[in-house]
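Only one chain comes next, encoded as structure tokens, the form predicted alone.
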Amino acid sequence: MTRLHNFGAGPGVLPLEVIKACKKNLEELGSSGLGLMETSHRSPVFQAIVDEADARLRRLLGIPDDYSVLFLQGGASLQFHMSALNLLDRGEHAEIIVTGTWSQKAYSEIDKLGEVRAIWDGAQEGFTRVPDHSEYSVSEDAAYIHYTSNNTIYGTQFHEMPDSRGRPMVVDASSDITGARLDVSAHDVVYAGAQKNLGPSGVTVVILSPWALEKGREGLPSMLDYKVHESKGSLFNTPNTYGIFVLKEVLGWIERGGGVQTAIDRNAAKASLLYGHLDSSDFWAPRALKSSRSVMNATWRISDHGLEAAFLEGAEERGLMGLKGHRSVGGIRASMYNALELSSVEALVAWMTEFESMHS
């Protein structure tokens, strides 16, 4: 088997040992006599998987005991709407820090349900950075504050969480959860699609404070009601059983590798290597300002944009996959999630060095 270097933005690279565990259990889950995707979500065998996934996530993120953990579906795109539906009462308003496409989408979904105010918006600057605390003001009567911790398309990231001025805080942590610092206790809702650092697409982790769980309106559609899902232990309807199994395995891999801090240190080393090369020559033009650069998703252009197609073609010939920038911004993007090895970044930098020497 030939494993290429996977810089794709999502679904992202998975640890090889997790892939092997999936393969092994597809035919028979443990000694159950049934395959992983055939096993009932109501069975004791699967309940043990859910319980272990919950326990591992709590240990890794230091989730307070009184917080709830849900394994849902629909990705962050559903949570843009579902979080507001549960948290925003009539006559209340939410506030949001707009740092890219995903927070723009969150704004749009909240706006369908009630009033939302953008307290900072980086669109005019091309979303090249995230704001300092001094650049926005949170209202005393805001129902909650929403932000996106890492922006996959533009390659920016909060390296210090926003100052909510004591108001409840909601974060979309889809693309850096378990790979960057996250104080769960300082947030009331943390949600994350699994397909970057936690597992495959189709599973969404939602972490709720007691306040967030109780805030929910009465009479919500059952599938959109946090209280319903919490009361059923994430098993109100048939969940993505395969995805939850993979998530459990990924969390186990993170634990065995030294935990979240070790993942953070590895990610910092990968990002330092790549950004160091990008900054070494005017041949490359990084997109994000240095103070806001993401360790998960590096984005850049070649100063001569006309060379980018050749660079990407040559990269694929060398097994460097998924480097094309998002269609909305173009350029080049390297996603460096937890499971991406340092050797992959070294291979990328080697190609960058070779390509620059060919065209300088």
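Since we're looking at a predicted model, the values are computed, not measured. One-based numbering along the sequence shown.
If you look for the form predicted together with a small molecule, you will not find it shown, but the lines that follow are about it.
The closest non-hydrogen atom of W102 lies within 4.5 Å of the small molecule in the model of the complex. For P168, no non-hydrogen atom is located within 4.5 Å of the small molecule in the model of the complex, even though that partner is not displayed. The shortest heavy atom separation between G75 and the small molecule in the model of the complex is within 4.5 Å. Put simply, Y226 is far from the small molecule in the model of the complex: not one heavy atom of it is within 4.5 Å. The partner is not drawn, yet in the model of the complex one stretch among 77-85, 218-226, 236-244, 259-267 has residues with heavy atoms inside 4.5 Å of the small molecule: 77-85. Shown without its partner, this chain lists D172, E249, D188, E95 as candidates; in the model of the complex, only D172 has a non-hydrogen atom within 4.5 angstroms of the small molecule.
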